[in-house]
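This document opens with one chain alone, in structure tokens, the form predicted alone.
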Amino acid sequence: MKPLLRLLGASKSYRMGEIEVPALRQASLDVLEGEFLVILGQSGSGKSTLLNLLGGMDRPTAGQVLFGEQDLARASDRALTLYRRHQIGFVFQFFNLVPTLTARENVEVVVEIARQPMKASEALALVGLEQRGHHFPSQLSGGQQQRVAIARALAGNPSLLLCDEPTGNLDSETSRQILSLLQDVNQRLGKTVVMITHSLESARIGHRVAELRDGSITALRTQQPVSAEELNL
């Protein structure tokens, strides 16, 4: 597999008054086409900062973030907007659905701006919610809301799916279902998936695991992924 996205010596610091706080230190990491990559670390380890750099939501203080020949660290604001719109699908811990829109309408928000989108009905069918498109988020369970969020991310037909603690707000059984769905998206649709988590057990579903501590990648290992149904969550 060849790299889809490359992080080369990327560092990120935030200024708090006169103090500069490092969040990521000299991180180098390839995201390979078609893989399921897990970024593992505890709160404050830098994993969300790393995900934000991969997704073009933030720029590194130093280093490069390469998508093909494009260096996102030096791209214009418009170029980053287009990168996020056409190449990236985001899945968040708290779903981030628009409460006044139905499930179908939440997905259509992405369909309307994507370059080569799926139909909203097709995206909902992929996550098993084709019959719930007319329901509002408040009428859906947490697991169903996360499925809608995944459908929304897939509807833009992105190159890369970025998942920020996608099961952090769900019970154990629902978490297994969501992780199984993400594995299916990776294996059946061939989508590259990057998921951040603090759970050693959840990390077992990935092809590779990058471990972060205090803003540094301390380990990168390849493993044989297990099925989400086998996890002891």
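Note that residue numbering begins at 1 and tracks the sequence as displayed. In this text, all values refer to a predicted model and were calculated from it rather than measured experimentally.
Keep in mind that the form predicted together with a small molecule is missing from the display, and what follows is about it.
Undergrad: If you check T49, S175, N186, S202 against the small molecule in the model of the complex, which one has a heavy atom within 4.5 Å?
TA: Spelling it out, the residue with a heavy atom inside the cut-off is T49.
Undergrad: Which pick from V209, I217, A10, A23 sits with a heavy atom within 4.5 Å of the small molecule in the model of the complex?
TA: Residue within 4.5 Å of the partner: A23.
Undergrad: Is S45 near the small molecule? Define near as a heavy atom within 4.5 Å, in the model of the complex.
TA: Yes, S45 sits close enough to the small molecule in the model of the complex that at least one of its heavy atoms falls within 4.5 Å.
Undergrad: Mind telling me which stretch in 61-69, 186-194, 166-174, 37-45 gets its heavy atoms within 4.5 Å of the small molecule in the model of the complex?
TA: Result of the contact check: 37-45.
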